[in-house]
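Single chain ahead, written as C-alpha cells, the form predicted alone.
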C-alpha cells in the first residue's frame, strides 16, 4: 500500500495553496466574513483557473480526479476561508459528484461542462424541519401530473439555495421510508420555488436557506438518473456519504492546521518576551496533544480515502474519520481561544472566525452522534 501523493496531487496542493495566498489573504477573508455575502467573485476565479474540473471525468474535459484530489482542495481552501470550501461544494459535490455518481449520461453531458466553466451552481435539498438526522422522514411530496410531477413542501438549512441554478430535491413519492424517495433536478427559476437565507453563527456567506416549493412542476426527464431511478433516491444518497464525510473531515483538518500554526507562532512570541524557558509548559503540552490528534486525523482520513479509491467497504472508517476530525477541530479551536485569551475574543483575531465556523462540521453530513451510531452498529453492538 503506497499512500504517498502522486505528482499531480502535489501540484494540485501547490496550485490551491498559491490561489488561496493570492486571492484570499487574511484581510480578504475577514472582509468576506464581515460582509456575509456569497463569494461570487472568488468562485468565478476558481472556475477561470480550472479548479471546477478536478473531479470531472476526462471524457467531459475534466482532470479525472477522485476523493483524494477533493480532500486536498478542500483542506487547503479551509486553511484561510472555510466558507469558500462550503460554497465550492455547490459545484464539486452537489454538481459534479452527484451527477457522476447518480446522473445518467444525458444529464452529465447537459450539466458538467457548464459546472466546470462556472455557468451552473447546484444545491442539495434534503433536510426538512422534521427530517435532519432521520433523513428518511422527509415529507416534501412529488405528485404525478400530466407530463411529469408537481412538488410541494419545504426544506431547511440548504446551502446555496438562493444562488444555485439547480436544486437536487429529494421528495416523497411513495409511502415506503426507504423505497419511496425520488430525487429531482429542479430549475430554481421555476415558478413556485422560493429560497430565504438564514442568518448563522459561522460559515457566513454560504447562502444557507429555507426553501419552499409551491406547485413546482418537473418533467420525468429531470428525475436524477432518469425514469428508471424513480423511488431510488435513498440508494442514491447512500452512495454519496463516504465522499461527503471525507471532504468535511478535510475541512476540519485545514482549520485545525491553521489554528495550530497560529498558536505556535503566538507562543514563540510570548517566550521571546518572557525569556524564561519552560514558563508555558502546560500550554506547550496542550498544543503538542492537539498536534498529535490532528496528525492522527490526517492519517485516518487519507487511509479511508485510499480505501474509497480501492472500492473497499469503508463506511466504518469514513464515519470514524468524520467523528474524529470534527471533534478534534472543535478541541483545537477551543484550546486556541483559551490560550489567546482576550485577544482571541476580539473580532480582529482570525481565531474567533474559525471558532465560529468549526461547529457545523460536527453537524452537517451526519452529526457526531450519528457517526457513533454507525460505528457501534458496524462493530456488532
Partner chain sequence: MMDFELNSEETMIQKAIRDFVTKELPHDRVRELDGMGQFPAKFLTALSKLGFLGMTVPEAFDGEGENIVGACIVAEELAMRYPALAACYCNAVFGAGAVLAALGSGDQKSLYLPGIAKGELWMALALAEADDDPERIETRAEAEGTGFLISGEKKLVALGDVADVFLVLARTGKEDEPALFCVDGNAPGITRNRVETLGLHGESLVNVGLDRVRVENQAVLGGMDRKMTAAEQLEMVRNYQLLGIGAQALGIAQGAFGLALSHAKTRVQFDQTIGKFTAIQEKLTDLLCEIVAAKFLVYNAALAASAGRKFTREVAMAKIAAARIAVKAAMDGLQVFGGYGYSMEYDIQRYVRDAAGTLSAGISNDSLGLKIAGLMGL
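None of the values given here were measured: they were computed from a predicted structure. Residue numbers count along the first chain shown, from 1.
Just so you know, the form predicted together with its partner chain exists too; it's not on screen, but the next bit is about it.
Q: Looking at its partner chain in the predicted bound form, do all three of 279, 346 and 362 come within 4.5 Å of it through at least one heavy atom?
A: Yes: each residue has a heavy atom within 4.5 Å of the partner.
Q: Are any of the heavy atoms in residue 355 no more than 4.5 Å from a heavy atom of its partner chain in the predicted bound form?
A: Because a heavy atom of residue 355 falls inside 4.5 Å of its partner chain in the predicted bound form, the answer is yes.
Q: Should residue 157 be classed as touching its partner chain in the predicted bound form when contacts are defined as heavy atoms within 4.5 Å?
A: Residue 157: yes, in contact with its partner chain in the predicted bound form.
Q: I'd like to know whether residue 24 contacts its partner chain in the predicted bound form, with contact meaning heavy atoms within 4.5 angstroms.
A: Output for residue 24 is no: heavy atoms all beyond 4.5 Å of its partner chain.
Q: Counting only non-hydrogen atoms and a 4.5 angstroms cut-off, does residue 262 reach its partner chain in the predicted bound form?
A: Residue 262 lies outside the contact set for its partner chain.
Q: By the heavy atom within 4.5 Å rule, which residue out of 291, 229, 241, 131 makes contact with its partner chain in the predicted bound form?
A: The residue from 291, 229, 241, 131 that makes the contact is 131.
Q: Would you kindly say which of 313, 35, 58, 338 lies with a heavy atom within 4.5 Å of its partner chain in the predicted bound form?
A: Spelling it out, the residue with a heavy atom inside the cut-off is 338.
Q: Look at the stretches 24 to 32, 329 to 337, 39 to 47, 59 to 67 and give the one with heavy atoms within 4.5 Å of its partner chain in the predicted bound form.
A: Contact criterion met by 329 to 337 only.
Q: Though the partner is not shown here, which residues of 189 to 204 have a heavy atom within 4.5 Å of its partner chain in the predicted bound form?
A: Read in sequence order, the residues that approach its partner chain (within 4.5 Å, in the predicted bound form) are 198, 199, 200, 201, 202, 203.
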